[in-house]
Each structure stands twice: as structure tokens, then as C-alpha cells.
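Quick heads-up: it's one chain on its own, the form predicted on its own, in C-alpha cells.
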Amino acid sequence: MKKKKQKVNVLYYVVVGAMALLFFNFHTVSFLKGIFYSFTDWKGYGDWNYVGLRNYLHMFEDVDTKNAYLFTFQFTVITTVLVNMISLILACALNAKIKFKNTIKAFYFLPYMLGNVIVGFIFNYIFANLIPTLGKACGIQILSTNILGTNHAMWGIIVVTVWTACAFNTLIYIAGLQAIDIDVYEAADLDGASGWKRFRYITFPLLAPSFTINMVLTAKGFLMVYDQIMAMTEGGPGTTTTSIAVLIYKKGFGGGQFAYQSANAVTLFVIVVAISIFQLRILEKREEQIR
């Protein structure tokens, strides 16, 4: 007997259709408008004129834009490497039989539940008040000043960002570790492989899919970093911690450079897509070699 095909409830089509329409209206249409305005001189109000590629060409001469891109790339590289290293170590530790496992889970997962903005404001207070007070009391000169008010403010943001980003990455690595067949490790033990050799030749290669996902997602997210910076430094002191996303917001909406920053946003989008595709190609080749 042939099985009857289950009819899909019409409500599903209505809900999905409504969500697709809202996404198209608030995301796709806005994105297409941004591309259009990037070829104009619109300030966000009043009349506008078509200027062609002038906004894109001006980016090569704009010092603020160059500094923002430099900061963003530095921040992305450092944070992506640190987050994946720490997340992998945490995942291996939590997957093994260790003490205080639940305490470690609570510590690294807490910021993921709070959100970037809340964590940023909390650490803004910690860096500005608690740490300098503790540094002065202990006579430690390095800790006696607010790092967010110095030229090393990027490192304060990196510390907070790494802590908040490790939770999601650790979960992915834990899922990858749990998917590895135990028989592989038993065979390795019989061959005398243990410790670093076991991790290098068995664990890490078999974690290739998880590693690919984490590298692409973290790099993409950090290239568009915004929340932590606005909550902690607002791009300061001066412009030392101004990322591309922060620059687009501050100059585009408050500096009368809507069209120019639209061009900046389009450029950032192209860069993020290009880097993500490049990462996928390289890391997927590595996965194929392992298989």
C-alpha cells in the first residue's frame, strides 16, 4: 500500500512567507538601497547627486578609514587565533574527566547568556574603577591606570571579546570531540600514541569540520565588531579602537557621510565574503586531505 503524503499545514506557509517578506523588506531592500546610495553624495537628508565611484576611490585617501581597517584586521587576527586556541583547550578539558567541570562550564558560558553589550559595560566599570584601585593598593603600576584610556585599549577589548566568544566555539568543539569514535583512541593506545601525539595525529585532524566552522564564524564576526567597542570605548581614546563598523555608524549617521560610509559598508561586505570563501576553500581542502 502506498503511504499517503502528509499535507503541510497552511499556517507553516503563512509564517514562513511572512518571515521571508519581513527579511526581504528590512534586510535585502535596505542593503540594495545602501549600494545605490554609495554611488551618490547623499548626506542622509536633503537632495543628492550621482557621483559614480568617487566614494570608493576616496577610501584609499582617507586616513580614518585606513586606520579603521588596520585596527579591524589586527583585532580579527589576534582574537580569532586566541578564541579558537582557548576554546579547543577548554573543550578537550571538559571532554576529559576533570574536577570542577561544572564550575568551568559556568565561567565560560556566563557571558554568552548576558550578551556583548552588558558584558562590555560591566568590564568598562571594572577597568575604570576596580582594577586601578586594586593596582594602586598592591603597588602595581601597570594595573593602576585604566587600560581603556591608553593606547593599549585594544588589548582590554580583546580580553573581554575572547571571554564572551569562547562559549559558542567551545560547544562546537565539544560536539566534534563527542562525535569521534572511541575505538580510534583505543587503537592509538595500543600503538603507544598518547598525549601530544594523540592530539596532533588523531584529535585535531578529526576535528577539522568543527575547526572550519569556528574559524569562519569567528573571523566573520570579528571583522564586523561593534558592540564591545561601543560599550567600552566608543572607538577611543581618539580613534585607536575605531573599527570599520564603528566608523560607519559614527560618521555615517552623525557625521553627514551617509553615502561615503555606505560605500565603506559595501566594501566591508565584499571583504567579509571574500575572506569567508577563502577560508572555506583552504580549510575544506584540508578536510579532504584528512579523509
Partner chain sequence: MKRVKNIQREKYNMPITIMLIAGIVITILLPLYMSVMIAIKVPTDMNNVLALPKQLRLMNFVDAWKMTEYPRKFFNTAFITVINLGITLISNSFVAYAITRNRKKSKFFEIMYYYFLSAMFIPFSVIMLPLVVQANTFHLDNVVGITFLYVIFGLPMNTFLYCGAVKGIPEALDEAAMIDGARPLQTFWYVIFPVLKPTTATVAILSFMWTWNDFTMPLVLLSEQSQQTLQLAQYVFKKQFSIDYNLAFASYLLVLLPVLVVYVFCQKWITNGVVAGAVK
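In this text, the rigid core denotes the largest set of C-alpha atoms whose superposition between the two forms falls within 1.5 Å. Numbering follows the first chain given and starts at 1. Predicted model only: the values in this text are computed from it and were never measured.
The same protein also exists as the form predicted together with the partner chain; that form is not shown, yet it is the one meant from here on.
Annotated contacts: V15, W42 and A93 all touch the partner chain in the predicted complex [non-hydrogen atom within 4.5 angstroms]. Remark: A231 counts among the residues lining the partner chain in the predicted complex, judged by a heavy atom distance of 4.5 Å or less. Within this chain, D189 lines the site of the partner chain in the predicted complex, having a heavy atom no more than 4.5 Å away. The partner chain in the predicted complex comes within 4.5 Å of no heavy atom belonging to Q279. Using a 4.5 angstroms threshold between heavy atoms, T242 stays clear of the partner chain in the predicted complex. Screening 154-162, 136-144, 119-127, 71-79 for residues having heavy atoms within 4.5 Å of the partner chain in the predicted complex returns a single hit, 119-127. Residues of 237-251 placing a heavy atom within 4.5 Å of the partner chain in the predicted complex, in sequence order: A245, I248, Y249. The Cα position of F36 differs by less than 2 Å between this form and the one not shown after fitting on the rigid core. If you fit the rigid core between this form and the one not shown, you'll see the Cα of M19 move by 2 angstroms or more. For S194, the Cα coordinates differ by under 2 angstroms between this form and the one not shown after the core has been superposed.
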